[in-house]
Every structure is written in C-alpha cells, then in structure tokens.
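Two forms, one protein chain; structure tokens for each follow separately as structure 1 and structure 2.
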Structure 1
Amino acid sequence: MKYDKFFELAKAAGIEEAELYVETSYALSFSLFHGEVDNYSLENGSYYVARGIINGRFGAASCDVYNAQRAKYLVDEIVANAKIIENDDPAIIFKGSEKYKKVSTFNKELASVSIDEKMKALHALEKRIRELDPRIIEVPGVEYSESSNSTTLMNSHGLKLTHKTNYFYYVGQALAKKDEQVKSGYDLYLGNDFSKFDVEDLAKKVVENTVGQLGGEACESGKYKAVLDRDVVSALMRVFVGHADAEEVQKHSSLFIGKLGQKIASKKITIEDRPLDKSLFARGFDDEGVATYNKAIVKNGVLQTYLYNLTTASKEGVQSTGNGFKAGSKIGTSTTYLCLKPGKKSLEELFQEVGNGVYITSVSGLHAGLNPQSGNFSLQAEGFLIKDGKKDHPLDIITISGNLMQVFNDVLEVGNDIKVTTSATQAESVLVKSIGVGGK
C-alpha cells in the first residue's frame, strides 16, 4: 500500500498516533457566450492532509502531490508543528464508531451521459433565456459543471473509511434593461440525476429572476413586516446555527452560551442536521471518522444540543455529534445537511398575512455586512414591496438590517416552499414581525 510509507515514517519519527486524509477530485466544466464555447476546463486534483499526535498534541500538514519525498515532508512538519503547540485541548485520533450507516451520493449514470448531450442542453438553455422575454438584452454566460470526489480517511488504529460523491449543475445568467436601468439575475440547477434536469424550467427562472427586478425604486427607510425568501433564510440560518458550535461556546464567543434546553427562537422554528437523509450532501461519517446521525438542533424554538467534534466533546465529557469537519488544517465543526422544518402556508398565503410590508428575495455581501459573532447584520438586499397582501413593485438599492437572534425570534410563520440550496441547506420562506429597511 503506497500510504504505508507515511505511517512507517510517522512511527519512526515518534508520532504516537497518525492520520491521513486523502481526497481526489475530477471536474469538468464549460460555458457559452453568444453560442460559442468560451471556457472549457478539466481538473484532476488530489489533496492530502496528515495529522499526528506527539506528547498529547496535534501537528498537521498538507500537500497535493503524494510521493516518498512528500511523505517525509508531512512527517517532518507534523513533528515541528506539534512541538510548539501550547493549548491543552485533548488530541484524539479516532478508533472508529461501532456502526456506520451507508449513504449513497454517487450516481454512476452521470458519467454515461455524453458530453455532447450535456453541451446540447447548455446551448438550449442560452437560446431559451434569450427568447423568453424581449427585455433580456444579454446572456453573460451559461455554464455546465460536473464534479466527482472521493475521500478516504485512514489512521494508525487501522480505521479506513471512504466516501464518494458526484454532482452536476447548470447555471444561467441574464441582463435585462428597461429605460436606463440594467438588472442582472441568475439561477442554478444542482443534482446528480441528469434525467431530472429541465432546461425550460431553469430558463424561465433565470428570466423571471432578472426581468422581475426592472422598474424598481427604493422604499422609505423604516421597520417593515417582511417575508424573507428561502435563499435569504438559508444564508442567515447557517450563521445562526454556527453559534451551536461547542468550540464557540467553550471559548465564550457564542450567543447560545447557557441556552441549552432554553428558547432561542420562535416556536415555529425547528432546525435539524440530517446527514443520513437521501440528499447530495449525505455523509455516513465526519472528517474524524465519527458516524453521523440525524438530529434536531432547535426544536419548536428550544435549543436541543451543541455540535461537537472529538476534542470539544472530550472537554465536556460527552460524545461527538459527528460534526467534526475540516476547517483548513484544523478540525472545526459544521453541519452536513441543515434543514428548516417546513410549515403549511404557501408563499402567497404569507404575503396575504403580511398585508403591507416587504418581500426580500436576496442579500449580498454577507462576509462584510453580517458580523457572525454579534449576529448583527446590515446587508444590500433585493426584493419587492408587499401591498394589500400581494407582491407589488420591485425595490431598488435597499438594505435590510437586524440581529440574527431577533430575526429567528420574530418568525411568525414558516412557509411550505421547500428549496434545497447549494450550501447544503433546505429552507423555506419565513414571515417575520419586523425588519429594518434602509432606502430613501
């Protein structure tokens, strides 16, 4: 076995326990501009992350080519890095869970669909976006992309786990113009079953998302009753749930400190991590080799659990929740497939319930306008006015602002318009009591 060399060198260098994480990936993508392929790319990548324990402390190193020279590099760097670590966190390389559930996220049929067929659908997508509405002045790009990934985790305890996944997506962009106003919009289809992809449906969504914004104007600044679209909810929910990371709690920087078993959100809110559901994001084990399981994080507004990896769990004497995933060279904590439990009302029913307010369809600049620590946000937003219970004219150049804790407390209803987003989240639109809008 070619990786034996690494484990032999590690042992010889005095590394007590060692782990090697191997990822290989293949990706193909192409895009069109004015009916011609303008970009075509092919990727064959590999990535190796090694960790080892010396005197109870972790050292880590990574590389993207593996050979005898690199095996030595990984070992040397682990030793040098471990020597200077001063924190007292328990360093654990896992012996393995009793049982692992099998999950399937690899569709071997995807490779048997010819590139010609995938290309044909892309041409059709560009053509339909142009045809569907005369206000579409340009299609900046349409793209097809597919990727397959294999990860293997092995360690000096003899644990060896492998996970394989593949997916593809089509994305279309458009520019629409009315008078002097130009608006851009896009939409994306993500899946791993090619037979389910519908060109016409995606083209319609791209066009709708683009021309729908034309003719907008800013509304008056103030507080509004609001419907937040599921894409917005997905983005905010991921940061909200980040506060359940046990490391943040232990290091005194989480908004959920001392809130276990307490109400942290509206009783309409139930958020689950569902790694074992059939989804593109399913995982049977986390990056430390711990078996994953489905669990509620928030149930009817009450915080059910913090999310643990082996280190943070050991500090509190509890079990890892199977949420230890790589964050650079370190094991952090993240969810696998984060799901907001849907309610019963349709989007239109949510508008009726609002009466007069705003419908926020997208937010931009989350890395700049949302402080994950404080939960405060002020974000560039797009959306529509809601007037007399119906979607009215679009809103141009507005911001929404608030605090994540407040927003999830202010949820009056969760809609039934389930959407699976590319960020491994299932979300629906929600009705909130009040949100700050900056406009005129």
Structure 2
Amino acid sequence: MKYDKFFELAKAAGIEEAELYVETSYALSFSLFHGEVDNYSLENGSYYVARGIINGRFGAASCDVYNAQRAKYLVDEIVANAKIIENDDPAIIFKGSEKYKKVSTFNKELASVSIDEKMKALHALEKRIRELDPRIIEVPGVEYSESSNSTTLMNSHGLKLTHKTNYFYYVGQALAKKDEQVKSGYDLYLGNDFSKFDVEDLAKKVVENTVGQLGGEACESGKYKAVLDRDVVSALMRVFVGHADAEEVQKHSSLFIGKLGQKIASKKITIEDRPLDKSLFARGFDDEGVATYNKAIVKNGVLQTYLYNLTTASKEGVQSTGNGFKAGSKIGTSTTYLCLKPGKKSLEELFQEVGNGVYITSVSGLHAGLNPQSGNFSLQAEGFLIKDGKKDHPLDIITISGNLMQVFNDVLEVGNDIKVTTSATQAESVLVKSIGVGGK
C-alpha cells in the first residue's frame, strides 16, 4: 500500500501508464587468509526503478530509498526524461500474462544457520585444503558468500508480482608446487540448502584441480580431436546463445541473422532456457512482468527462436519470450537458466572415443580473444593430453583457436557429467572432431 503514492502522483502528472520495480537484497560475505578473517561484509539494500509513458515515450528514474519525497522525485524524473528521449522504440508497460506458474527458490532455513556455523565451516575448509596433499604450498584464500533477494513488480494496470530467492557458495583456492613449477586451482560449492554442503568433498576437489596440473608441458601445435570440459562449454555456450538476442539480430550484429529454422549446430546440440525447472535460478516472470516458460533455443542443431523482450517483440509483431531482464534501468534480454541437454556417455567414455587428442579444462581471455562479429577465437587454455583413450599428463602454456559456430557444428557427442555454474548455466563436456592447439 505504501507505493500507492507513486501511482497517484504519476497519474496527476499526466503519466498515462506507470510501473515500479522494487528490489530488496541482503548480502553476507567473508574470507580467510591463514586462519584470520581478512574481509567481512554485511549489506542490506533496496533499489527502485520507475518507468512511465507520456505521449508514447518512456521516461525512467531510479533511487535507493523510497518515501513520499522520493515518490515525487521519481515522477518528476520520468516526466523530464520522457521529454528528451530520442529513440523511436515502442513504449510498453505490460498488463499481465493470462497465468503465471509459481516457482520457489527461497530456502528460509538458510537464514537460520548462524554466522558462527558458516564461519566454522570456512575454517575447516582452509585447514583441509592444506592437509590433503604435501604439494599444496599455500591457500591464497577461502570465501563464503550469501545472497538473498526479493523482487516486486507492480504497475498502474493492477499487476503485482513478487519473487524471492537466496543462495550461498563456498570457494577455495590453492597453490601447488613440484620442482620449480607452481600451479593454482580452485573449486566452489553453490546451493541454498546448508545441510548439503560437505567441507571434505569441496576440499578434495580444490586439491585435485590444483595438483592435477603439475608436471605439465606443451604439446605439439596442430589440429586435435578434443573433449571440452563442461566449464569451457558453459562459457562458450553463453556467447553462442547471445547471438539469439533479438536486439542483436535487429542491429545486424548477430551470427544468427536469417537462420531461424536452419541448422546452426550439430544435431547432438539441444540448448534450452528452462526458467520453470526446479533450480536456484527459477523465475515465474521476467522483469517486464511477462510469464516465463521453458523453451528450446536450439533443438537437434536447428535454431528454434530468437529471445525477445516487449520492445524487440513489438518491432517484429511477435510475442515476448519472457526474456526481458534489467541491465540497470534499461531492459535487455537474457536467459534465465540456460541448459545444454545431456547425452548418455561419461567423461571417460568420451576420452575413449577420442583415442588420442586433448582435454581442455579451462580457457581465459574470452572477451578479448573472441571476435563477436566473426566468431573466431584464440584463447589461452589449460588441460590434459588424451592418450590411448585415457587422460594423460597435463598440458602447460597452450592456446586453442577456432570458430565459435564451427565448434558447435563439430560436436560429435555430449557427455552426461552435468554441472551447474554461478552464471545460471547447466553444461556437460562435449567431444569435438577438431580444434586448433598452439603449443611447442
């Protein structure tokens, strides 16, 4: 009821349609170095974004405190902003979808776990990473981070929608040394059920990821059959699917222009946006109030749809796909929970199919090393040699190169080793028939 004042003032100011987006958040984080807390942060905040339509043009304003004076400020800013807007994008405030599916991603039990207990687990994690292998020479840091968020969207059409979510993660880092070679590694646990977090399991993964890189050497440069680890696939897939953004298509900056209904990837590739799945990232509506739904973006290699918000959909005379999400006060387009459909083969079975090749476990420099217009890339990478169908020694100081579209066309198999990342992506390892490797 306290937000009625905003809508009353908006109407009085001649704003034909108005919308208020309210976000409240709680964030807790702390980290350790050598058993001592070296960072501690506890924040509670609110964020308000108001939009309104005057003479067919949008005005927008935002603030981080709400009261009667701020309500007037938001209205005044909307009016002033609408007068100077220069683009001809259609201005739409959504009246509401026919129905919404209720989703729950909030675990109230997480808040009942004491900070002391969360801190105790972090101390245990740092201790176990140090103890598990004598080659571990340093633990540069371990961290706990927790976030809780509530979003409410309301407008002058009477629409009111609310979504709550929370999650936490633990992350551990390590340095390992053998002879004169030093390698770093990390891993993390993400969830919102604290009872499922296992200190020992995460510590082992951190150590394995770190010491597993020791003893590496560069391979001969050339073209290799390759397995791309799920972390690599996740990173590449987000860039790949970014070309399905209808705004990028309309600006003629997408590699998917004119490719609806056409093959753009291997028939093994099915990529879906699944906001209604039971996951940490579930959402029943987007930031414009449009009901979300599970959808295939690429099915058996064929492009099924572009991703629309209300503005880009209106330009083409189609319906929004429920992918309108805020980037500041601007509505952009993004997926909610991006999923690569898993195959049936294990990682070890993918190695067997390769025979002799490479297993790429991480890449860096994706934003600088990948040309979004052409899809060509050259990236610093880490991984392992695959020899006689098994993972062999680690690779040191290599690069991989190729073309984004070609990589997804060259997928021969998708594994079943599902991993969910903090970027709201589910991916598995894939086998590709060829990738360029720069080594010796």
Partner chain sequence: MISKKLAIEVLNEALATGADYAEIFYEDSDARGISIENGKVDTSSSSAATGVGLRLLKENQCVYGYTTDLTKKGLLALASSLNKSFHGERVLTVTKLDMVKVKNRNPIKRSYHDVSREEIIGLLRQGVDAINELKDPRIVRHICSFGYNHRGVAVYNSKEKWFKRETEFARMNFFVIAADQTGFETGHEGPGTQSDISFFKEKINIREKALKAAKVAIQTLGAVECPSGKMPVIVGNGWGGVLFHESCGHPLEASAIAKGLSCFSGKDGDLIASPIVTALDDSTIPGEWGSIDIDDEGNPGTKRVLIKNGKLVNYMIDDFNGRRMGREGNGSCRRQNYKYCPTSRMSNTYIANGKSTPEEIIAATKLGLYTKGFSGGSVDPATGEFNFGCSEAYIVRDGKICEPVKGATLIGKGFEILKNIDMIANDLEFGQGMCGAASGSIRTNVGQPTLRIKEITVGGRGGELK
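Here the rigid core means the biggest group of C-alpha atoms that line up within 1.5 Å when the two forms are laid on top of each other. All of these numbers come straight from a predicted model, not from anything done at the bench. Here, a residue number simply tells you its place in the sequence of structure 1, counted from 1.
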property: Identity of the form predicted alone, given as 1 or 2; result: 2
property: Exceeds or equals 2 Å, Cα of residue 424 between the two structures, core fit; result: no
property: Per-residue C-alpha change between the two structures, residue 59, threshold 2 Å, rigid core fit; result: yes
property: Large Cα shift (2 Å or above) at residue 48 between the two structures, core-fitted; result: yes
property: Cα shift between the two structures at residue 9, which is computed once both forms share a superposed rigid core (Å); result: 4.4
